[in-house]
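Have a look below at one chain only, the form predicted on its own, in structure tokens format.
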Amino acid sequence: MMRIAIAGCGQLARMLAVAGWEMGHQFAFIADRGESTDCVAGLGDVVQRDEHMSGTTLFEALGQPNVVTVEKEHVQVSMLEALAEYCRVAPGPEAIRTCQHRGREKALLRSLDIATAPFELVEDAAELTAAVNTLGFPAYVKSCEQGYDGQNQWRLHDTESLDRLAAEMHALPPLVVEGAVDFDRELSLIAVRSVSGDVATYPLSENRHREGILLTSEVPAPNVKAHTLKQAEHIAHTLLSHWSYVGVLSIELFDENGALRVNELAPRVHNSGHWSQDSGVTSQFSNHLRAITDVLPGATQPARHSGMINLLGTEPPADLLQTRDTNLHWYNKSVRNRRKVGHINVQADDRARLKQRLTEIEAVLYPSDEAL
């Protein structure tokens, strides 16, 4: 049993701690200024970090943890490096540094010969225009930092939309411009590597989004070709080896008729892996904790079909949960538009039944003619 500190106080920190309490671990949480701590209330000590707090002071305030981990990419890397002088930090600061900036992430993937969408990095209006002229319409523009769930992202479909964004470039941070990819679907792979180098992967998940936010995940993804699975696992092993990575690494992928391109990386547990909590396997949260405490990863291959549907700015009606095939996970957050406040996991004996249940639940939660 260990004392584990988590940088961040959101729902992923909550689910990590809930899983870790069963293992006998104790937790502390690092909260940035103004960060809500509702999700982790009662699960461990919360340390409000001052930007000028030294590594020694923070380590002591956290109760001298054995290991520090993260629930989000956007943490101060220098803080992690300072804590690394006193205990294990997993994943390592360099993986966090790379993944919190789309430009650095895509440059790394290119250097490792891992396919991505064609892209250009831009910092001003001239570079934006040149990049779009090279890549063509439609072009997808994303902030290098702090862009998630459809925020700080733009779809440019003609010269008028390009000109509008170019006029705003003086007030925008560096951006990544991506060319269009004619993909069939979006997949993700959850991989985990322990301190000792033991690796396990979960089945590929097929993901659907609504208004730029993940809505449902289905596992195992249907009709996955053998060479597609082999490519996904090669990508995972390449990245895990490159960083000597420790913990869960999540890889978002575009599937183009069986060929894969990496869309984004997340050096943490991931929304598309939440199904694992109720599927008869070791959940991604438990496996992350096993990995960072150097325990062999547990089972990752479910016997049944599993799915997840996000609760986005809505609380489920009570009768929706009065079934044997659903499990609610609530994040203890206030409800507001588009906000992830929980999720429902679904299990089924066959794919057709799983898809039917996800469709039924979605219809209740999100009438088709209403925006999130």
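Values in this document were obtained by computation on a predicted structure and should not be read as measured data. Note that residue numbering follows the sequence shown and begins at 1.
Absent from the display: the form predicted together with a small molecule. The rest refers to it.
Picking from 173-181, 156-164, 84-92, 242-250 the stretch near the small molecule in the model of the complex, with a 4.5 Å limit on heavy atoms, gives 173-181. His234 falls outside the set of residues with a heavy atom inside 4.5 Å of the small molecule in the model of the complex. The small molecule in the model of the complex comes within 4.5 Å of no heavy atom belonging to Phe137.
At a distance threshold of 4.5 angstroms between non-hydrogen atoms, Glu264 is in contact with the small molecule in the model of the complex. Of the heavy atoms in Ala259, none are within 4.5 Å of the small molecule in the model of the complex. Checked against the small molecule in the model of the complex, the residues Glu145, Asp294, Glu123, Glu186 give one hit for a heavy atom within 4.5 Å, which is Glu186. Residue in contact with the small molecule in the model of the complex (any heavy atom within 4.5 Å), chosen from Ala299, Val199, Ala117, Val195: Ala117. Not one of Trp21, His288 and His329 comes within 4.5 Å of the small molecule in the model of the complex, counting any heavy atom.
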